[in-house]
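To begin, one chain is listed below as structure tokens, in the form predicted on its own.
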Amino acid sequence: MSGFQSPRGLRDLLEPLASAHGWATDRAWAAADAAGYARIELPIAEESALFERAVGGTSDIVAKELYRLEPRGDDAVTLALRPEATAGAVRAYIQHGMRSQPQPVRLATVAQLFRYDRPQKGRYRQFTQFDIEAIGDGGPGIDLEVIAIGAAYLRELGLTDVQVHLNSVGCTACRPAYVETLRAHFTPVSQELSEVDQSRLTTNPLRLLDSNETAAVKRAATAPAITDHLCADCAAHHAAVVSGLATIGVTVVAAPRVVRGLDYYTRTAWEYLLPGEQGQQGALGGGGRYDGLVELLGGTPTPAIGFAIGIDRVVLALEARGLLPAAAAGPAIVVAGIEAESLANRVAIAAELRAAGASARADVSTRKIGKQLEGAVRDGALAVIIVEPDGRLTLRDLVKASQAEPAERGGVIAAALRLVQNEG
């Protein structure tokens, strides 16, 4: 066995998980296409300064988890592997002048992302997210659309009991007063908080609401809800989102601990969770309104909203519930042969079958024909075409365990295609 193994936190995807990931990804693209979201492929690396601005220079993602690439040659900037997709999408919106297009600009991507984090089940250093962004509309209607797309995607995969845990984080007009109220609530137990949470109490009390530390969790249970401290505009926006989701049949759970720690986030924030699941293992994704990010990254003030759903988390949830799709099927037809001289002919026949729409492979071994037939059965093939020494072909139906007489090439290939079509 080789001494090399996949790096810690990175993994090989084998069947059936490889097919499940591909299937979930295909369904994500289909969901975006159906809703009119334009596909965008973003660079796997961006200037690290982009993430430092967008994600926050003091956040764990930037301070501890960002994979930076050392500049080489004439490169004057430090690049970093993308830890999330929103920053790149907003950068592209600004760079390519999308503000001149009809608003909102609807963008979608399925991206490989990278974070140096402690590996555990459902959390990897390389992972995949389905990302939706709608940039240029500040009304509650686009909130409904974006939230509903993610919920429908998860339901269509089979996770029919997914819930939307919904909150509002207010705006720059009403949030500061709530932050001070929250700080006052946590201050009496400040000595019981962890060192990290004590720092949050000073710099960003909102983050105490999503802390996993015991003392913070206990105190957060009695914390005042931000939805009771919203300004009139934010309260009206939140009420419209809540009532709208009820109208379209999306299950909503009021979630006062769902917050976003960065100032550019405003109003709607949510997570997609499975009932009964605890902590991050039950969180399949989430989203929020980030009305201040475009301006922060150098653009004109522009409202925006989006979500990210973890494909890896989704597949684990499907696996736990016995809902994984079937692994990729083997070839419907295997082309076998008795003599080594028929190898090229076997490959050509398999190619012709594929061109006609059937899945097929050539057995390019020189094993005895019995072993080749065993291999076809193992792969789940429906039929085997055997290239005889005289060049004629024999069709063996593995479903009915029957075999026709050797015949000319065209007739046998046509019969094999009919067999596949009938069995399909």
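The model shown is predicted, which means the values in this text are computed figures rather than measured ones. Residue numbers here begin at 1 and follow the sequence given.
One more form of this protein exists, namely the form predicted together with a small molecule; it is left out here, but the text below deals with it.
Heavy atoms within 4.5 Å of the small molecule in the predicted complex belong, among the stretches 133-141, 284-292, 181-189, 326-334, to residues of 284-292. For His237, no non-hydrogen atom is located within 4.5 Å of the small molecule in the predicted complex, even though that partner is not displayed.
At least one heavy atom of Asp117 is located within 4.5 Å of the small molecule in the predicted complex.
The small molecule is not drawn, but in the predicted complex it has no heavy atom within 4.5 Å of Gln163.
For the chain shown alone, Gly310 is a contact residue for the small molecule in the predicted complex, at least one non-hydrogen atom being within 4.5 angstroms. Judged against the small molecule in the predicted complex with a 4.5 angstroms heavy atom cut-off, the residues Arg123, Gln129 and Arg260 are in contact without exception.
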